[in-house]
Structure formats: C-alpha cells, structure tokens
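Shown next as structure tokens: one chain only, the form predicted on its own.
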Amino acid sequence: MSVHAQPEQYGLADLLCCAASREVGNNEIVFAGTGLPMVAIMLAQNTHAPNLKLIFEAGTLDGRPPELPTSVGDARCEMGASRASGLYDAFSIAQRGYVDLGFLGGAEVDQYGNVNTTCIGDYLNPELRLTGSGGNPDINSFAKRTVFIMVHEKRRFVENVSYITSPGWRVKKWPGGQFVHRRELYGSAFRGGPSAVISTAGVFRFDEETGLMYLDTCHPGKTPTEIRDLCQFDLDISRVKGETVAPTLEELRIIHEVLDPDEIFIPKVKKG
C-alpha cells in the first residue's frame, strides 16, 4: 500500500512532477522535452508504466538512461535506446501518429488550451519576444493528447493568447478567421488535443464538447475560488474533485535518490 507524504516532506516541484507522471499510461509512446517533464516520464517508467516508450526530442527512441540526462541532447539519453537518431526521425514518428502523449510548456494559455511561446503583444511590434515555437506546435498537433506544465500567474492564464503557437480546442479557420472546434479544422488529421494543464496552482482539464478549460484538482493550500481569481477568464470550478494527490514516499525516494540526486531540476525539501 502506497504511503503518501505529508506537506512538509515535499515541495511544489515534487507535486508537479508526480502529477505529471500520473498522466502517463503503461505501453504508451511519450514525447519528452528537457526539464521537469523528463523527470516525470522517467518517474512513470520507474513506477506504474515500466513499458512506456520514451522519445527524447533530440532524436533518441526508447531511451532508458539509468540516471537523469541534463537535456534531451545529453549522450545519456542514448543508453538502452532502440535507436539514436535525430530530430527528423523523432518528429517523423510523431507525424505518422504513433505518439500517445506529449509533455510541453508555455508562457500563456487561454480557456480553450491555445498556448503561446512566441511573443506577448502584437507579433510585429511585441512587448516581449519569447523563445519561439521549437517543437511545441508539432508535438501538440501530432500527439493524441498533450499535457502542459506551467507557472500559474494571472498574466499567463488569459482569455485569448497573444499568439497561437500551439492550437487548442477552439482555433481560427482561415481565410474567414472564425473560431471552430479543433476536430473540424483538422479533419481526417485529427487525433486529439490538449488533455491537461498542470500549473503551480492546480490541475486543469478540458470539456470534450465545448473545449473549455475546467479545474480538476487544487494543489494543497489553494481553493477553487483563489485559482479562478488567478485567471483572466471565468474558469469553471464546478467540477473540482478535491486536492491534487500528494506524492508517495516511494515516488519521492525515486525522484531524489535515483533520478535527480544532484537536484538538477527538482530541489530537495530542506529538513528542520
């Protein structure tokens, strides 16, 4: 029987990592980027999903590194891999529809799951130029479902993103510019879409018909009303299940003793 940790035994990064890990199913093909998503997927591989197939974004397929790589381009990603290739092969596999789940990040997200990693403000004269798309739109469009991990601030959870880098459940159909459901726009290429947003405040999901975001669970110490007030849109809080499940002691052991003992991505909680 799993023993869950007490609040003083884990940090916010631990909670996000474990929440993300639980989105992964056994035998799935999962596409990972650098950072916390990489830890989350390897945690799943070491717990409930030993048969998942991990694709590192730089091109390593079915990697099983015994220790945490510092990035998707780290040579350790190749350890135990079925194939050590490059971006072309990794994204070709995604394009052919084999990827079940992609983990991504974003600077802004709106109520339909559209994500922005390009710019804040007008594209031609932005207030802030961001890092750009990278593989974000490709993974989000090709995977059967996508999980985004984000810092939660009111300026990030907006009614409409400044720029749609990765399309959500309601996107503009050109040339008319009217908003339509992702299923209609993608047609026969439709495979799925954003499944969840795991923020520093809670876990959010999307209604299958309307495409609207709703609050699924609150992180400990947060209330549904507080989280709704951290959004620029009227977040649906009527479907909240309760608190996000705390990490287990075994999950914490794996994170800090096996995967990330050097605290590259997840700091340890200081005792005392």
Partner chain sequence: MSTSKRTTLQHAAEIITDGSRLTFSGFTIWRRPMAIVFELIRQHRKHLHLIEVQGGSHTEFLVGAGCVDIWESCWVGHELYGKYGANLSRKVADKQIIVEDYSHAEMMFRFAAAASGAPYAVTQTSLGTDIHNPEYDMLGRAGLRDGKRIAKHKYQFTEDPFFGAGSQVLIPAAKVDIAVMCVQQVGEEGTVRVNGQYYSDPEVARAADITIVMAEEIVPEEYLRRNADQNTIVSFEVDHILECPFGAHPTGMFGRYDVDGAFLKEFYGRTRTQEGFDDFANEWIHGQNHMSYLEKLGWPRMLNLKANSAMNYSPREKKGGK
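Quick caveat: nothing in here was measured; it's all calculated off a predicted structure. Residue numbers count along the first chain shown, from 1. Whichever C-alpha set is largest while still superposing within 1.5 Å between the two forms counts as the rigid core.
Unshown form predicted in complex with the partner chain; subsequent notes refer to it.
Chemist: Quick one: does Glu257 come within 4.5 Å of the partner chain in the model of the complex, counting heavy atoms only?
Modeler: Glu257: no, not in contact with the partner chain in the model of the complex.
Chemist: Does at least one non-hydrogen atom of Asp62 fall within 4.5 angstroms of the partner chain in the model of the complex?
Modeler: Answer yes; at least one heavy atom of Asp62 falls within 4.5 Å of the partner chain in the model of the complex.
Chemist: Heavy atom to heavy atom, is Leu87 within 4.5 Å of the partner chain in the model of the complex?
Modeler: Because a heavy atom of Leu87 falls inside 4.5 Å of the partner chain in the model of the complex, the answer is yes.
Chemist: If you check in the model of the complex, is Gly192 within 4.5 Å of the partner chain, heavy atoms only?
Modeler: No, Gly192 is distant from the partner.
Chemist: Among 199-207, 240-248, 224-232, 65-73, mark the stretch whose residues have heavy atoms within 4.5 Å of the partner chain in the model of the complex.
Modeler: Partner-contacting stretch among the options: 65-73.
Chemist: Across 23-47, which residues bring a heavy atom to within 4.5 Å of the partner chain in the model of the complex?
Modeler: If the 4.5 Å heavy-atom criterion is applied to the partner chain in the model of the complex, 23-47 yields Ile29, Thr34.
Chemist: Has the Cα of Gly176 moved 2 Å or more between the shown form and the other one, judged after a core fit?
Modeler: Yes; Gly176 is a residue whose C-alpha shifts (by 2 Å or more) between the shown form and the other one when the cores are overlaid.
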